[in-house]
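First, one chain by itself in structure tokens, the form predicted alone.
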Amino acid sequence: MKNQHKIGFILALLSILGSTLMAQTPSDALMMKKKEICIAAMYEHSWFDEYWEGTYLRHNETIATVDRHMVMPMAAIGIVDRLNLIVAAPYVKTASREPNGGKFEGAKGFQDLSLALKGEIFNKEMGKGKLALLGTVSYSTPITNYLSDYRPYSIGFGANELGVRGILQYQLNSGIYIRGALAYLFRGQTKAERDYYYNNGSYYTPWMDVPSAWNYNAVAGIWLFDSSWKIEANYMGLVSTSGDDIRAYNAAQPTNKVDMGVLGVSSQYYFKKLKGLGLLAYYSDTLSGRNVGKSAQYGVGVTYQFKL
């Protein structure tokens, strides 16, 4: 019976971090002007059949491949020329790809409502390009009563999150750019459906501390065809500041220390003749991790930008 619980978990990163998403996100350098709105609808599929138990990579012996599907509507709104509001609310569904004899059932539902204010601090000519500095303050909170302790099928970590992020980008006049972003994500507590758990010691309470984390992004990209086509390569890292490891023959839980490194590529195209309409696609793979699924994911989406 214990072997049935030798399973990993996948962190619901894309609630608002958006390291690989190409519509405007809290970690990029895109800005809407005053009264401009960009709406987006995205679909993502991720999967894994291996996970890191601590730093040891294991195979999902019982449940095999875990699939995760996400549909995310989002909007970026230009409040003023240098201040944008970003709103997102993903719907997530998880399941086992192979039958598991009815032992485990997936989960589905809306995950977290995410709000972010992104401001442009400066954007100045420098050499043969422009240097831009931006800052983001974000907040997310669960909008449904999902089970955060139901790993690896949980649709999220079930806690409030407050994020502060700095973004620095240098773009050449030729369209080539590099960007770096660093964020601290302060997370609260989540309530499990049990009165006892172990986290480097015994706790007789349903409340679990979700570890806070550092999140960083490094991006290299280029604008082509008169800034109508954008291609990016990106690396995203997440490092928890506390937490425990998944114990052998046990399931993951929200208190786990989650680290990961994800490499991805993405592309977005803006139609010239269909003003405001854009398409996007991306793919990423988890290269390293701790207490997380070794997942790969792809996504597609459509964006539409207009002015009030």
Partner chain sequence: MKNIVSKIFAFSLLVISVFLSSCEKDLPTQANYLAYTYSKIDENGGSWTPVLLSSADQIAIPVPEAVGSSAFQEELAFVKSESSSLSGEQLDAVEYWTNNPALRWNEIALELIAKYNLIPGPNADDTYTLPNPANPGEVPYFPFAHPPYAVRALSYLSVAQFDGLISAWHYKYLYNRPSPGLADNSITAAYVENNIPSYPSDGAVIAAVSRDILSVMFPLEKDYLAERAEEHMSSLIWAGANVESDISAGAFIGEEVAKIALARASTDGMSKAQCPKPISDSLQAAAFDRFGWKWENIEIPARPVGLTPLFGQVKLWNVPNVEVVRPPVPPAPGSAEFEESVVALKNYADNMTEEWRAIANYWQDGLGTYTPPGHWNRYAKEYAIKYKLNPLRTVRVFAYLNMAMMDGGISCWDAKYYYHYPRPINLIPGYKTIAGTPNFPSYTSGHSVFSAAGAEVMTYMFPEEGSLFRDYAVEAAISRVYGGIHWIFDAEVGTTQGIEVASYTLDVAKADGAD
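This one's a predicted model, so the numbers in the text were calculated from it and none came from an experiment. Residue numbers count along the first chain shown, from 1.
The discussion below concerns the form predicted in complex with the partner chain, not included here.
Contact annotation: Gly201 falls within 4.5 Å of the partner chain in the predicted complex, judged by heavy atom distances. The partner chain in the predicted complex is not approached by Glu50, whose heavy atoms all lie more than 4.5 angstroms from it. Taking non-hydrogen atoms only, Tyr249 approaches the partner chain to within 4.5 angstroms in the predicted complex. Within 4.5 Å of some heavy atom of the partner chain in the predicted complex lies at least one heavy atom of Gln189. When contacts are defined as a non-hydrogen atom within 4.5 Å, none of Tyr43, Phe110 and Gly129 contacts the partner chain in the predicted complex. Screening 170-178, 143-151, 85-93, 229-237 for residues having heavy atoms within 4.5 Å of the partner chain in the predicted complex returns a single hit, 143-151. Note on the partner interface in the predicted complex: the residue among Leu182, Val80, Ala218, Leu115 having a heavy atom within 4.5 angstroms of the partner chain is Val80. None of Leu224, Ala75, Val164, Val71 but one reaches within 4.5 angstroms of the partner chain in the predicted complex through a heavy atom, and that residue is Val164.
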